[in-house]
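The chain below stands alone, shown as structure tokens; this is the form predicted on its own.
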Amino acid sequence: MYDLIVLGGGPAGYLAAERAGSAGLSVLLIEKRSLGGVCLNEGCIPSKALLHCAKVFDYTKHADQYGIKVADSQIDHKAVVERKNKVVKTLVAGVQSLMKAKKVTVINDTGIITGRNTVKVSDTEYEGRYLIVCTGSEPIIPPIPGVKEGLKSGMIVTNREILDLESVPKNLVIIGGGVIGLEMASYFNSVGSAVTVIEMLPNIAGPTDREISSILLKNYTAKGISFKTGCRVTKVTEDSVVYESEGKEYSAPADKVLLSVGRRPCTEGIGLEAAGVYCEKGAIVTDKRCLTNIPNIYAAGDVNGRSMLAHTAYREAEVAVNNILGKKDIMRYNAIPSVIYTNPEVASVGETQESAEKAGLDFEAFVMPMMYSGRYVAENMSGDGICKIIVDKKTKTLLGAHLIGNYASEIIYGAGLMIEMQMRIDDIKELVFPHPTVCEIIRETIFAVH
């Protein structure tokens, strides 16, 4: 018998196995594909590898603005994909080595829960004192006419296949203007595709603060991406995507179509019913300890549907393992950062102006242009980035922070820490920020609060 069986080897799964192994528990990790899950193999890491190459290419195209002459720069998409594959291979090997170092037993096969303490792999049943379900999520496939046929022919792709395209499509239509859709729109726009993004909502970037998402929309419209917001896709043909707007039908030419309308937890076919684990709307229900309704079964990562982000999965895994080890720990979701790795980057944490209004909070919003950062001005010939903060009027604590501009992804954690620690604005004003840095924009915006 193992102390712990972990079902799924993505961010939640492999980190849970590592933490448990480090604590001396005997651990079995079961992953049907490759260690690292969606994030490492077909999500976070490979997409960032592509986006970084595109960013470097963008710099060469506009190098003259910085006094640098680059003659006829070109991008080799095939070489970019090869580099991406090397990055993924290196990091997967790193996870494998980590599991070995922590004496975690890894089985690359499909595991099915057969009871509260048992998981079956092929013809072998394994027993564990505790179980953590980390089976992740998968793309939602909407019942749009032509989608099944398009997926079968390869004309329609998901986040998995888009990363391995052998060539850059002339016309790329993206169904869904969320994080995945926008990041792929960013890459393929940079490398030469004519990109059209069709989004059913009136805005892009999902729950992102509207002022921020509007700036991003303006930036990418200027770069040539065509956005069709408030539109509903009615069908996909062999060479186009048909959509409806205000009662009228339109068509967008497509050589490839990226389907990115969201993800859903992978809870079907893994045997949850055999253990009596309770699900709601397709997601495993967990409490603050990441514990299910079954005393020895926990769930972490996308499978609980709470916050489908790799860094959330990491923390949930730690909370689950800590509780298994007898250490009191709870999961908090009020200060989880989110990032869109476009160029410019978007980063957010905490309440948006819209969510604060919906919750009936008594707040004030303060906005400062990124041009108030000396480093931002030094590194950008132009830019309309901003830092926006949401402040509780009564307690004068930070409720939310939102940035659009370079380095946003690297500095948002600071604002998240301020929210997590419930720091008062006067306390934040006493902090010393390094100069010159882009992160100083947070300090500048804080000083706008009277």
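All of these numbers come straight from a predicted model, not from anything done at the bench. Residue numbers here begin at 1 and follow the sequence given.
The same protein also exists as the form predicted together with a small molecule; that form is not shown, yet it is the one meant from here on.
Only one segment in the set 218-226, 86-94, 303-311, 352-360 has residues whose heavy atoms sit within 4.5 Å of the small molecule in the predicted bound form; it is 303-311.
Of the listed positions (130, 376, 341, 188), a single one reaches within 4.5 angstroms of the small molecule by any non-hydrogen atom in the predicted bound form, namely 341. For the residues 111, 150, 176, 265, the 4.5 Å heavy atom test against the small molecule in the predicted bound form is passed only by 176. The putative spot formed by 15, 33 and 322 is not touched by the small molecule in the predicted bound form; no residue has a non-hydrogen atom within 4.5 angstroms of it. In the predicted bound form, the small molecule lies farther than 4.5 Å from every heavy atom of residue 136. Taking the partner from elsewhere, residue 107 is found to have every heavy atom lying beyond 4.5 Å of the small molecule in the predicted bound form. In the predicted bound form, the small molecule sits within 4.5 Å of a heavy atom belonging to residue 260.
Heavy atoms of residue 48 reach within 4.5 Å of the small molecule in the predicted bound form, making it an interface residue.
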